[in-house]
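There is one chain below, alone, in structure tokens, taken in the form predicted on its own.
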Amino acid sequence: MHGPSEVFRGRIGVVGAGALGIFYGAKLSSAGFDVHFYVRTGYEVVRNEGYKINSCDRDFVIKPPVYHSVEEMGLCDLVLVGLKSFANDTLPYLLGPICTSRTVVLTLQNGLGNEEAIARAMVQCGVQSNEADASRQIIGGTAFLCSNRVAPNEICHTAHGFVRLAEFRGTPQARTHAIAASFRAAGIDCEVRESLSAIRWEKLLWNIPFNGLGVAAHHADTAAILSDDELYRAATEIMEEVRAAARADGVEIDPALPADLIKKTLVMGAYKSSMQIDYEQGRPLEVEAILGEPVRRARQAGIAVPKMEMLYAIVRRMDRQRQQEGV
């Protein structure tokens, strides 16, 4: 497709246009890439006014092509999936009209199991005849990004933004490097890695304690967690359990990474995790992808992760109760 030094120049579609999908799609669009957005929330205002990105790097506005249905958006060469994992059951409907057997699908979703869900969806909607072939179209990515959608067409980006990419099956290809080069051309720190499992577990090292405690400890933003001795201790002990679970799953996480992530978290200020915001606004939580699946993999490997298990049990119950109450 492209040599490692080239950028990806195909038609890019964004599905799951929330804080993450809008931010990265807008950065690519602002840099001149051909980016198209499927918009469910605030379609009219986005179509009329575009997206406003208020960023610690630079503020900008884009007016990209937006669509109220994926059928209108049409076929894409690259699809960025920013969908929350609890909505993965909509993937067949979203991917069918915009993917061919040559489309590359890059998921920037949180947690474990999303690539498998995309492969199943591509078979269900007829893009591929089997999951093995579908899997070869998929790239996984992790984004360490502090951004929130403060209005239907407005994103507030306060810190970080780097992305790590890896092929779902096999080693990095020319396309992997081309997509990473496109992110870098758009001003996004982006690195290609050999192991998707490694970057997923490294992201979970932060996501599990700070997303989970953000809900379980009742409106606990990152500053609240780090300034409370007991919550800080809980977060660091959970991080060590995540390292043990990752090791059992074949990933050795650098023992210095927890301290590095704590340092990065300190500069976020009173940042609310995506799970905390979803809970406060009455939306479903990504509890299974971020908390449940890592716990299940640890159990299958015979690794004791009691704090992760407790956090999962508490947050799962809070999520279920909130959804039953319809608050």
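Residue numbers here begin at 1 and follow the sequence given. Keep in mind that what you see is a predicted model, and the values were worked out from it rather than measured.
The same protein has a further form, the form predicted in complex with a further copy of the same chain, not shown here; the description that follows concerns it.
Asker: 260-268, 57-65, 34-42, 298-306: which one contacts a further copy of the same chain in the predicted bound form at 4.5 Å, heavy atom to heavy atom?
Answerer: The contacting stretch here is 298-306.
Asker: When the contact criterion is heavy atoms within 4.5 Å, does Glu230 count as touching a further copy of the same chain in the predicted bound form?
Answerer: Although a further copy of the same chain is absent here, Glu230 would touch it in the predicted bound form, with heavy atoms inside 4.5 Å.
Asker: Quick check on Leu213: any heavy atom within 4.5 Å of a further copy of the same chain in the predicted bound form?
Answerer: Judged by the heavy-atom cut-off of 4.5 Å, Leu213 is in contact with a further copy of the same chain in the predicted bound form.
Asker: Looking at the partner-bound form in the predicted bound form, is Tyr279 within 4.5 Å of a further copy of the same chain by any heavy atom?
Answerer: So Tyr279 counts as contacting a further copy of the same chain.
Asker: At the 4.5 Å heavy atom threshold, is Arg9 in contact with a further copy of the same chain in the predicted bound form?
Answerer: No.
Asker: Report the residue, out of Glu131, Glu191, Glu237, Glu71, that has at least one non-hydrogen atom within 4.5 angstroms of a further copy of the same chain in the predicted bound form.
Answerer: If I apply the 4.5 Å criterion carefully, the residue I get is Glu237.
Asker: Which residues within 302-324 place at least one heavy atom within 4.5 Å of a further copy of the same chain in the predicted bound form?
Answerer: Pro306, Lys307, Glu309, Met310, Leu311, Tyr312, Ala313, Ile314, Arg316, Arg317, Met318, Gln321, in sequence order.
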